[in-house]
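Just the one chain here, the form predicted on its own, laid out as structure tokens.
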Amino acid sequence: MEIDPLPNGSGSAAATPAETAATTTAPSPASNTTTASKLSQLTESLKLEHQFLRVPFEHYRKTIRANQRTVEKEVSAVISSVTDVADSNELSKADAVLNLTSLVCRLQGLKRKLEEGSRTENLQAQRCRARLDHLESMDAENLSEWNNVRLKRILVDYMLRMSYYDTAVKLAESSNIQDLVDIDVFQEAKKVIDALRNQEVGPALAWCIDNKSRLKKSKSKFEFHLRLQEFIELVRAENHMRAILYARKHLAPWGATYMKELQRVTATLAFRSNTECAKYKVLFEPKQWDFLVDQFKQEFCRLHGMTLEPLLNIYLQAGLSALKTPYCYQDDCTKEDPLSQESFQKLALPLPYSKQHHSKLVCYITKELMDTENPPQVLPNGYVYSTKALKEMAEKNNGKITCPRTGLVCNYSDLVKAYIS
């Protein structure tokens, strides 16, 4: 054991400057172990951060593809126009000048689109870089600050998924984490969700067209369900002829894949929207639009590499899975247990019970573990508390013990020591 020198420089054991420097700079083994343990836990939890890098990357890649398609389309049109002009022998000078002027205007428009696309690509590349830098900045010295930023990211993600857009934007701006969250991506989804809630399928169909190849690759049924709902709305309005024409144009191509569903929906032509036939009544119910909203959210998350569940739910469930026991769902569950709350019980419902090899006794007063070092003691009324808590109570009350749950007063000598087997 080292003894610090007194202020005047004298002490029972004066330390040399080298020893003092070693004492102040060298971290203790316990500190190293704690830091390493925290970093190890954080590294494990980073495995859930897949979407943190995947989302901006997918958005970046989508922008590049869109810009490439625009260039190919415009350049092809310009080349075709130039070829037509070159092959025309009867074109007057004025017409040639007019055609060339039109081509120049078109190329200038393409230039503006490319400049705008380039700016968007640079912003998204910057966002990817910012997230990589954020992950690389994690170390033992700023662990608390890094975790705080991470918690705010998770909260913003949850708010965006729950449609609290304004609150999410304010939190991101106040915390200066705009590059670390996906507000613009969710704003894109918000337009489609709002339209579906207003019973409009136009924006959702446009989104399906923009992502047609990827939706087809994942065998998505979202566009098919949108078409079915549009058909149902025509039937609801009793516009049967338009509904038939619509089915021939937009539903017939899906017949080879989803014939049973198609037959069921087209059969609604023989019913009114207020039908009591349960098989077809459900197709006219407003909850079909809620189903489309949920399906869009799933497809949207899947395309952008996001988890289907909010990250906040995933982290909470990870913790609750270690606490869940059959006792948590009983009426006499202690209020200190998080699972005594209905919202947490609902969140933990699909989780398995935690595997408890040994029972653990926790003192009601100090919330500390009762073991051989701090054994339990039994009051005359049968309630059990830790020795540490009861000794402190006896010292403050002249050897008297008051049960905090029943109010019973007894002497410390009346207690009986309990043994843990």
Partner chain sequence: MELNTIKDAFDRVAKRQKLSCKSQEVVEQVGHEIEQALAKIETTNDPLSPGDLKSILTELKLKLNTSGPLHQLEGLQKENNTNLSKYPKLLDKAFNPDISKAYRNVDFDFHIVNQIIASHFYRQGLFDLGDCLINEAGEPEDIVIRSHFLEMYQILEALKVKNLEPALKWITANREKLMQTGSSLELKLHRLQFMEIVQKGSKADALKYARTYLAPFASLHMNEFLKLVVCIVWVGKLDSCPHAELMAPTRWEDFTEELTQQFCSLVGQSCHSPLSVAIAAGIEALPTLLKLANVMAAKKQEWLAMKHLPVPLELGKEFQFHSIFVCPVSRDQGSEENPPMLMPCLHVLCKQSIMKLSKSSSRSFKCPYCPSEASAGQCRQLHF
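Basically, rigid core = biggest C-alpha set you can superpose within 1.5 Å across the two forms. Residue numbers count along the first chain shown, from 1. Bear in mind that the values here come from a model prediction, so they are computed numbers and not experimental data.
Unshown form predicted in complex with its partner chain; subsequent notes refer to it.
Trainee: Which is the contacting stretch out of 88-96, 200-208, 284-292, 241-249, given heavy atoms within 4.5 Å of its partner chain in the predicted bound form?
Mentor: Looking at the other structure, the answer is 88-96.
Trainee: With heavy atoms only and a cut-off of 4.5 Å, decide whether G255 touches its partner chain in the predicted bound form.
Mentor: No.
Trainee: Spell out, yes or no, whether the shortest heavy atom distance between F271 and its partner chain in the predicted bound form is within 4.5 Å.
Mentor: Contact with its partner chain, no.
Trainee: Please run the contact check for E392 against its partner chain in the predicted bound form: heavy atoms, 4.5 angstroms, yes or no?
Mentor: Heavy-atom contact with its partner chain at 4.5 Å: absent for E392.
Trainee: How about V75 - does it come within 4.5 Å of its partner chain in the predicted bound form, if we only consider non-hydrogen atoms?
Mentor: Contact check for V75: yes, within 4.5 Å of its partner chain in the predicted bound form.
Trainee: Work out which of Q263, N176, S213, T334 lies within 4.5 Å of its partner chain in the predicted bound form, going by heavy atoms.
Mentor: Contact with its partner chain in the predicted bound form is made by T334 alone.
Trainee: Its partner chain in the predicted bound form: within 4.5 Å of a heavy atom of each of L180, Q187 and F300?
Mentor: No.
Trainee: Across 259-281, which residues bring a heavy atom to within 4.5 Å of its partner chain in the predicted bound form?
Mentor: Heavy-atom contacts within 4.5 Å come from no residue here.
Trainee: If we fit on the core, is the Cα of R227 displaced 2 Å or more between the shown form and the other one?
Mentor: R227: C-alpha displaced by less than 2 Å between the shown form and the other one.
Trainee: For F57, does the CA position differ by 2 Å or more between the shown form and the other one when the superposition is done on the rigid core?
Mentor: No, F57 moves less than 2 Å.
Trainee: When the two forms are laid on each other by their rigid core, does K335 show a Cα shift of 2 Å or more between the shown form and the other one?
Mentor: Result for K335: yes, a 2 Å-plus shift.
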